[in-house]
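The form predicted on its own is given below as one chain in structure tokens.
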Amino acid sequence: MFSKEKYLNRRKYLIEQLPSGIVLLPGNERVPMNYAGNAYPFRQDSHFLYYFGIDMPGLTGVIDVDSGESYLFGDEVTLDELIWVGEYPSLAEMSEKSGVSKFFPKMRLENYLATALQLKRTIHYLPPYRADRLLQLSQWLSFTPAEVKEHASDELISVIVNQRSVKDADELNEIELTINQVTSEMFLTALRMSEPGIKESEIVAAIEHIAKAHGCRQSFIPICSVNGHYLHNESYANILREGQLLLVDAGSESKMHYATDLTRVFPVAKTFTTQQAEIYQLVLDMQMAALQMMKPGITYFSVHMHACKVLVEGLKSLGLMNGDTDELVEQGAHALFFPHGLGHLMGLDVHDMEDLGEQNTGYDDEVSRSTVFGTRYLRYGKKLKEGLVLTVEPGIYFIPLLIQQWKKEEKFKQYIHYEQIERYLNFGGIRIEDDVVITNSGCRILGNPVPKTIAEIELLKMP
């Protein structure tokens, strides 16, 4: 549990950085699944959590930049509701926990905002990512739904990105404890279960059970598939067979909702085949090269490009590519095998602050997003700085449809040996991912090591 002082200081930073006006931070509401009484699992808005720390639906936080005061708007739970949901903290208790000076019924918020608009005060709010929030803001601020995103505060976005990007010791501790106590167990369980005859769905059920047994939730819908060449494969219909590779990309949230996100690949057999081991080791080499390069002042774009060059050198040694490495990477020929970015920010969101736009979180005047296929999917390209938490997740994939399309178009035919790639069409994909914090002189993988070398994995696969 974070202290009241932490939330006071976070709001103080906003007040100091913004020139004037009101910051409007609505929390999330419960969302019906198919009727009002049957809702999806509640997940609080991450920005509301960051500045107010209250994990309850139906609340809105307001920060008055000019007076320095913070307010909470919401309704007390009625006796009829308490019968169904049990004991619930009062608005007074929630406000005290967050260090909020005053609290009011929800019905007062619309009048409060209307008065602020009449006085021509600036109301800073963030672009909505949910339809109910869009309609809510439209009603409160007298915009049409189409105008709401247009009037979102660029000033507020910039301040929040700068503040939330750097994680303090408490936040890092949340992530590391969750990796050590929950996420690592999820992956060790998946490794031990990856045997012929096991269903992907059984492994998914087992790792979800682990998260729930620890009082946590999964940080995103897990990927658990022998078809690892489909990057976000959410189907769990396959039965594992000898000779296949199982890719597991999963994570859990701490009780304070800080995310973890790891990926490992296991042979369904006891050992990797020679072909599998060659590609696996190359992916691991890409990751290790990236980790060795990462430090404050280095752009993550340059780290991504360096990992791509390691990939090309490795594929050239395996007879799958040829040509000048720098030229191949600049032109994007490597993206046939690595069609995504090296990683993304992580924190209260598994893709931290992605609702604010990748252009705002990942790029700036110094570093522009690439337009080249593959490289353009890099979510974060800016200079690294101490306290950033990112994932580092290189991969190599043999995607039959993409290979067939490029071969048909004779794309990069002078560099890519399509006839040799035929031997890999049933290979699948490999991705290795860890969560990393930038230190004052380099970087550090968060949490205790989760096995990822060939020797470590094969040892654990032995009876």
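Heads up: residue numbers just count along the shown sequence, starting at 1. Note that the coordinates shown come from a computational prediction; the quantities given were computed from them, not determined experimentally.
Omitted here: the form predicted in complex with a further copy of the same chain. The next part is about that form.
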| property | result |
| --- | --- |
| Stretch in contact, per heavy atom within 4.5 angstroms of a further copy of the same chain in the model of the complex, of 326-334, 283-291, 312-320, 79-87 | 79-87 |
| Triple contact flag 165, 361 and 386 to a further copy of the same chain in the model of the complex, non-hydrogen atom at 4.5 angstroms | no |
| Distance check, residue 369 to a further copy of the same chain in the model of the complex, heavy atom within 4.5 Å | no |
| is_contact(residue 185, a further copy of the same chain) in the model of the complex, heavy atom dist at most 4.5 Å | no |
| Contact test in the model of the complex: residue 355 vs a further copy of the same chain, heavy atoms, 4.5 Å | yes |
| Contact label in the model of the complex: residue 351 to a further copy of the same chain, heavy atom within 4.5 Å | yes |
| Heavy atom within 4.5 Å of a further copy of the same chain in the model of the complex - residue from 278, 75, 155, 132 | 132 |
| In the model of the complex, the one of 241, 192, 108, 209 near a further copy of the same chain [non-hydrogen atom within 4.5 angstroms] | 209 |
| Residues in 383-416 close to a further copy of the same chain in the model of the complex, defined by a heavy atom within 4.5 Å, in order | 399, 401, 402, 405 |
